[in-house]
Ligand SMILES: Cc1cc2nc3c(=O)[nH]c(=O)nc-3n(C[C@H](O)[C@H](O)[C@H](O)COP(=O)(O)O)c2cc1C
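Below you'll find only one chain, the form predicted on its own, shown as structure tokens.
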Amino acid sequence: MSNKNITPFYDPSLSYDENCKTGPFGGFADGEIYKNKGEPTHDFLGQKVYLPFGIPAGPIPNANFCEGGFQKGFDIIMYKTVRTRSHPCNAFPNIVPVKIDGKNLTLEQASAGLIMGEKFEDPIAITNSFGVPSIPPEEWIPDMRKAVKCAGKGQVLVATYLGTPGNGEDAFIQDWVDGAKMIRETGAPIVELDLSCPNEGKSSLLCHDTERVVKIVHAIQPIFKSSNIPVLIKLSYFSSDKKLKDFIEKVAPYVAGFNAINTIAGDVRKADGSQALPGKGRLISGVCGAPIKWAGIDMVQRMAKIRKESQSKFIIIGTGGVTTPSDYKEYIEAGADAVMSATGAMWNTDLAKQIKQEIL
């Protein structure tokens, strides 16, 4: 890597459980704490932050990782997605490098299939496949409470969760409601609904199942509204302008904002043609890192256009491919109100510091 922190804070060579028990690593464990100056002036859904920049749900699995991120100057930390019940992680490995031809991972390239790389290198490009694991609520609720308290002055924790399917759609929606009640117990001031993972939607991604999402946000809204907790929606990429506009117009009345994107899905194989990640249903996995920045920027620009045309007030969070301060600026210029970095931050724990040195 070109940055000095070449040890990622989440170690891909270890299992998910090993990371949770012994992590974080790299810069998140070096004891150095970034000191903000002055007063936080940026408003993020009612919370004052020094800079609307942070780490999205995914690589931050518990309070120890949250604390490491806050100490490194990431002012918005999203706790890894949780469920109302225990759910296992996919088999190891969960993160491997991916070879990308050219600067951008196009949808055509992803559709044609990708080859696993031999090592992690700049520009960082990986695929990850965890299966949205979750420890049971009796464990994550107190840990999330601890994570909320790890936020320092000018910082905020966002709780992220998703529903788990049961016997039919009514049971599925009820699980989202049950999860909302559990999240409310943690004291998290902001919540995000993870709709961007390949799981419960009729069209593979739940965020592409507009009608079902409307039912979910309508059902959970009273729980969070009564506690004055803003709700965010995590999205994947929409190739259709019409579907994106329809989704936002129908969902925006119930939420405070949208976060895009998660990953770009594609078949990932080894050089010999075998499946890169072991296990049933894991040939397709989400690719993230520098090559997907174009998709995140594109979604932000399109959402900003919809917001302007509809005179709406929802906020936009730009995520995907942020590895340098210039990437942060590009997202802000595209219309984002806040910016997130997962893969970039994982390998460069000084990223928040570098952006603040340029911006602030």
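Because the structure is a prediction, the values reported are computed rather than measured. Start at 1 with the first residue shown and count on from there.
If you look for the form predicted together with this ligand, you will not find it shown, but the lines that follow are about it.
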query	finding
The unique member of A295, A57, M303, L51 whose heavy atoms fall within 4.5 Å of this ligand in the predicted complex	A57
Sole residue of S285, Q155, N262, S134 within 4.5 Å of this ligand in the predicted complex, by heavy atom	N262
All of D194, G321 and T343 with a heavy atom within 4.5 Å of this ligand in the predicted complex	yes
Y254: touches this ligand in the predicted complex, heavy atom cutoff 4.5 angstroms	no
4.5 Å heavy atom contact, K72 and this ligand in the predicted complex	no
Contact test in the predicted complex: I126 vs this ligand, heavy atoms, 4.5 Å	yes
Contact of T84 with this ligand in the predicted complex (heavy atom, 4.5 Å)	no
Segment assignment from 268 to 276, 175 to 183, 215 to 223, 74 to 82: heavy atom within 4.5 Å of this ligand in the predicted complex	74 to 82
Stretch 208 to 246 - residues with a heavy atom within 4.5 Å of this ligand in the predicted complex	K234
